[in-house]
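Let's start with one chain on its own, the form predicted alone, as structure tokens.
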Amino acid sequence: MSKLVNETKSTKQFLIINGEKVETAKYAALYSPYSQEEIAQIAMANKVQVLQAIAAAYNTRGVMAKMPAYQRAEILEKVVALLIKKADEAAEIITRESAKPIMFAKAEVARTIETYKFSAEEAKRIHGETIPFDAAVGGVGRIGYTLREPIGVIGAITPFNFPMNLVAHKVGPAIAAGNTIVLKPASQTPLSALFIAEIFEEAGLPPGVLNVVTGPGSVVGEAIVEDDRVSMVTFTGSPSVGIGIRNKAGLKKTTLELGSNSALIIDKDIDIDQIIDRCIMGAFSNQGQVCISLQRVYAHEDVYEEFVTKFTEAAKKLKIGDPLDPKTYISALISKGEAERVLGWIEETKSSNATITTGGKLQNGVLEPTIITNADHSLKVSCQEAFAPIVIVNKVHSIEEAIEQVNDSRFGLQAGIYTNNVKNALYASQALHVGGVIINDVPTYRVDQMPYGGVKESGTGREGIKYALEEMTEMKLVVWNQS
């Protein structure tokens, strides 16, 4: 732990409203999930300050709406250049506040850079279409076209697990489209958002466009969702909070990226040695705290035993410990409470027919990578979202049975299938009830320009820059009568 303790300095962090750092009456200590050392004092906004941030964004929306596309793109390109220079600093911030192992934090920063790069490019591609009005008898002598206009103020509420890149997925397209933002980062990971806000200021973003308000969701989130000046709420987090937002948002647009318990099907014709590394990454990267983390595996009976044996052997070799150690693969969950919850879920399996092949215990406060076989569907580790380094592996007799098991879930974000049978791949792509089917890879696959989102309790709307831009703009029709 010494490395993290020695490099940790507690700093006072402020709200960012209208380009100014704003003091608050209350501050809350932010602790490292791994070392438990205090790393910052975080400003706790009250409702008045949230309303000030919304007012700043609302009053600045005209400035952004009139800003030419090339200027919006230039600002985003400058953010890319600055983030490339500060990539190591950015990765350390992520690791300090979230205990994400530095190898994965660096990968997140690289993806964040790509996300802002895509945003800069998409800023120049916002366009409508012409409508053939003379296709209708009443349309002769008229021409028409559509425009895409910024929606206005966007309320963005982001989670802890990708504290820099999931901010980028909301802030990048919002700015590309000419909107303004009030951003509430997760309580455990505000430093990443404040760091990015400073980079945007350095890149020349006008004051009031990006406002960062830290504090409890019951104060900050509620005020953002309920305020009529906010035109859209984009949220990534738990289904219960997302459903609450949807209920309170009224006629506001909402994009909700919610829960998952992503599954992988392994067909009988697969070379198991070729897929173990990907399955390890899918199940255990970032301690399994990934929305599309591989939580359920359905392996054909012909390869089941081999897969369980080799997957278990590989999991046992993963290095556990200090997230700032470049060799660490697994570190602490975001809080002690989360670790206790998951230990309770693991304990529940012991009164069933399930078998824990590895893990299931804390090692110096870190939950070991855990593999459970023969887990009944009713167990929490099967049917709920673990958000931890825990994966179940069950035997199936056919692809049809596997698909039935995958679909037997409240969630439907992404699913994967490994198969060399084209018919099985095509059947799975049609029959799996999810937002994304990943063929010959784990469901944890994501690149930042692809449409990303789910069905059922996994949410509504799609992220991925081009697709987020569509959500963050309004279509306007213009018709000219030439006669």
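These numbers come from a predicted model, not from an experiment. Heads up: residue numbers just count along the shown sequence, starting at 1.
Another form, the form predicted together with a small molecule, is not on view; read the next lines as being about it.
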Checklist outcome for this item: The one residue among G155, P101, P185, P389 placing a heavy atom within 4.5 Å of the small molecule in the predicted complex is P185
Checklist entry - F118, F200, Y329, F160: which sits within 4.5 Å of the small molecule in the predicted complex by any heavy atom? => result F160
Checklist entry - When the small molecule is placed as it is in the predicted complex, which of 400 to 408, 146 to 154, 234 to 242, 80 to 88 ends up with heavy atoms within 4.5 Å of it? => result 234 to 242
Checklist entry - Counting only heavy atoms and a 4.5 Å cut-off, does the small molecule in the predicted complex sit next to every one of Y31, E37 and G344? => result no
Checklist entry - Is there a heavy atom of T130 lying 4.5 Å or less from a heavy atom of the small molecule in the predicted complex? => result no
Checklist entry - in the predicted complex, does G250 have a heavy atom within 4.5 Å of the small molecule? => result no
Checklist entry - Do S218 and the small molecule come within 4.5 Å of each other in the predicted complex, heavy atoms counted? => result yes
Checklist entry - Looking in the predicted complex, any heavy atom of G259 within 4.5 Å of the small molecule? => result yes
